[in-house]
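Two versions of one and the same chain are coming, encoded as structure tokens; call them structure 1 and structure 2.
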Structure 1
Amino acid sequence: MDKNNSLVKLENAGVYRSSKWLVRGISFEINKGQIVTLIGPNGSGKTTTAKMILNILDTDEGMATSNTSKMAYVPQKINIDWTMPLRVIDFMKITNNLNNTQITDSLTMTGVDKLLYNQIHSLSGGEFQRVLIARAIAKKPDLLVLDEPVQGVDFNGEIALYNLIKKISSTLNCGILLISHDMHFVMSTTDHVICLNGHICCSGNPSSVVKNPEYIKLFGEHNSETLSYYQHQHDHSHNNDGSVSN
């Protein structure tokens, strides 16, 4: 790919902790406008790999190269005192020097601008996830990392969130790294899939990965057949609320 589009790159990267390799031999690149997804069983090194990309974890072997410092991260879990009175606008400003225009624009892009003065504790799982993403994209990052973004969100909310992720990638021309085990929507959204189990078992476009013997070994023949069928049948689009449009 064009070097001018390259945002981050791992080359034979690994992390060694507590007398064992958490991940080893990891090599891939994320480019502008590209959605890359890490999949794999629990403990396979997905979050560790993302932290190498974000320069949160140093590599113990290999290299992590960044061509941008404009990165944003939405973690899998965030600790909030849900009993504390906290409006969306206040939450957006916590440890984040944002002006009102940045806040409004990012909340509008994620479809929750009407919730600006709502209490955080009153939001649904999907609404809160959209606020988290809005907070992450408010400064227009070159790279957005989302760790299990649809966790705790209902089915229609999942569809709407993945539509939103594609919209963000297109609008901001940013690279997106997803971490997810929600295979159906991973396969319908992603440009490039990387299957991890301490190392890269297989990688490529979704249709090739689901046919790979290493993927089938990890997730099962039935799962592979189901996902292949899903991809073939998914010939429609979804609105922001998850409803279907032809």
Structure 2
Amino acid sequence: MDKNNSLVKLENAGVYRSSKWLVRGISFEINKGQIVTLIGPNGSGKTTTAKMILNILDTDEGMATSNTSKMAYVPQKINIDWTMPLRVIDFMKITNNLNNTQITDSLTMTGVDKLLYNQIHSLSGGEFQRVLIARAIAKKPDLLVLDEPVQGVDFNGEIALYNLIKKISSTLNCGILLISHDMHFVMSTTDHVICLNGHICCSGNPSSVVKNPEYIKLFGEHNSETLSYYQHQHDHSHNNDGSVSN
């Protein structure tokens, strides 16, 4: 791929904490318009790797370089202290100066535009997750890092959000780094899969990764069949309140 398309790059990068390597020897890059997915068991260093990409963690070995400053992040866990009164509209603006149209547009995309003036503390887990995604895409970033973005979201919402992520990558032509346990989405949509377990076990396009013995060792035989997974298709869709729309 063209060199100018590279957004971020890790070269033999590693993070060392409390006398052990959390991850080590990680090398990959993310290009414009590309969806790269990190998969791996718990504690395999997926979030640590994402944080190196975002310059939240400094590398103790190797290098992390980025060619863009327009990065947006959907963290895995975020706790907002109750002592802070915060509405969705305030939260949307914490790192960007957005106008009201930009805010409502992106909230509409994730289906939570009605919550604009609600307190963050009153949102359900799934609603908050949608707000997090809306906030990240509102400023049209060059690189979007999503750490398990659909946790707590209901089944139909999950499909809609994954479709949205796909759409974002093509319309904004931004790079996406995704951490996900949803093998179906990973295998059907991702351009590049990286299988992590403290180091890179194997990587490549989805169809080659599932056949890799390292992958089968980590995830077991049954997961290689996810490509033939049965996908439930609705002939209608639901609004947020549960009513049916076509």
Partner chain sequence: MFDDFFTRALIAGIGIAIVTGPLGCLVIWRRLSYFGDTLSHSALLGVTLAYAFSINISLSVFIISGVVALLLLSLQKRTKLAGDSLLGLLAHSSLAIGLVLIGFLSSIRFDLMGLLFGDILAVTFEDILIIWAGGLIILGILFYIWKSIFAATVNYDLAAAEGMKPDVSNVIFTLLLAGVIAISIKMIGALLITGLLLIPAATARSLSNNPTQMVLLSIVTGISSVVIGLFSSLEFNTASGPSIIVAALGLFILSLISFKRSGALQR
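Each form is matched to the other, and the largest set of C-alpha atoms that superpose within 1.5 Å is called the rigid core. Residue indices: 1-based, along structure 1. Because the structure is a prediction, the values reported are computed rather than measured.
One chain, two forms displayed separately, with the form predicted on its own being the first of them, structure 1. Each C-alpha goes to whichever rigid part superposes it better, and by this rule K93 and M63 end up in different parts for the motion between structures 1 and 2.
Two rigid parts move between structures 1 and 2, and the turn of the smaller against the larger, rounded to whole degrees, is 22°. For T110, the Cα deviation between structures 1 and 2 after core superposition amounts to 3.5 Å. Here the rigid core is superposed, and I120 then shows its C-alpha moved by 5.4 angstrom between structures 1 and 2.
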